[in-house]
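First, one chain by itself in structure tokens, the form predicted on its own.
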């Protein structure tokens, strides 16, 4: 048995916001635009949105206090700005952090939540409409019901079908200004999502073609994009792969691969993609016996062996030296072991195995 549900109106391509701007009128009349400090501006995405809204004669408010790994305090402040300006929908522009923040603000504002109540599903019954414009190719959050927020120095995600975006505009042009390290790390995040679509106990065969195609795109295109960062066609392919990854985890959820990355990001400031990448080989080794058929199908599609795949990962420079002391390993291992993502991992992993995995980094 498997299920599929992804109720997002998607528009993909150069200048798609202006081309499809009339579709925005169906969402609301007074949006809060949620951004980070720079990418929405440097990418040109914010300018495009403002031009479209001006053309539609729609007033708006901008909230740009979102940092990487958004904190619950920023979410609560954003919800107050939303209410104070009588907004009726939210536009998230940027990488995963601003868009995840936009989703969280929608929930907090609609349900009058306080503190960590965002993690209590029984208190979430409604949400304000959400529109998204990604400026990276990694999270796929423009096609998912998930948001990841940091609270009390702990990075954790929550999900609700209410925060599927109403409409998403994907213009690869906005990713051309990404630095090389961000291009690489966000692509590795997308790769994580695609692989977890094969790992997850909720894996959905309906999206296997997206998984195979998405991994192949990243495998063939990522290094070329790093060498030619202004190549629109390469950027387009990576954005498609990222979208596929989002569509995949919207059905399958995430696993140990994501759980183990969160404390590494919180403690050491690693980007989310890098935190996933440093353990990608080890986690594939752990899960391989359980999902051998699925992974062998992938390697056959790539026309390579598992070891060749590992060699490719190695070539991306994902190795990093971290000082993981015993105290950190002990605390992080317990956090990972008890995370919700672990319920979907194909192999039941022990606390000792997680400790050994962390020690191997």
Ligand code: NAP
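Positions refer to the first chain, counted from 1. Just so we're clear, the structure is a prediction, and the values are computed from it rather than from any experiment.
As for the form predicted in complex with this ligand, it is not shown, yet the points below apply to it.
is_contact(residue 106, this ligand) in the predicted complex, heavy atom dist at most 4.5 Å: Residue-level check for residue 106: no, no contact with this ligand.
Contact label in the predicted complex: residue 248 to this ligand, heavy atom within 4.5 Å: No, no contact at 4.5 Å.
4.5 Å heavy atom contact, residue 72 to this ligand in the predicted complex: The answer is no: residue 72 has no heavy atom within 4.5 Å of this ligand.
Partner proximity in the predicted complex: residue 257 to this ligand, non-hydrogen atom cutoff 4.5 Å: Taking the distances in the predicted complex, the answer for residue 257 is no, it never comes within 4.5 Å of this ligand.
Contact residue in the predicted complex, from 132, 200, 237, 97 (heavy atom within 4.5 Å of this ligand): It is 97.
Selected contact from 168, 225, 139, 287, since only one has a non-hydrogen atom within 4.5 angstroms of this ligand in the predicted complex: For this set of options, the contacting one is 139.
Which of 81-89, 97-105, 277-285, 212-220 sits within 4.5 Å of this ligand in the predicted complex, heavy atom basis: Selected stretch: 97-105.
Every residue of 144, 155 and 178 near this ligand in the predicted complex, heavy atom within 4.5 Å: Spot residues vs this ligand: full contact, yes.
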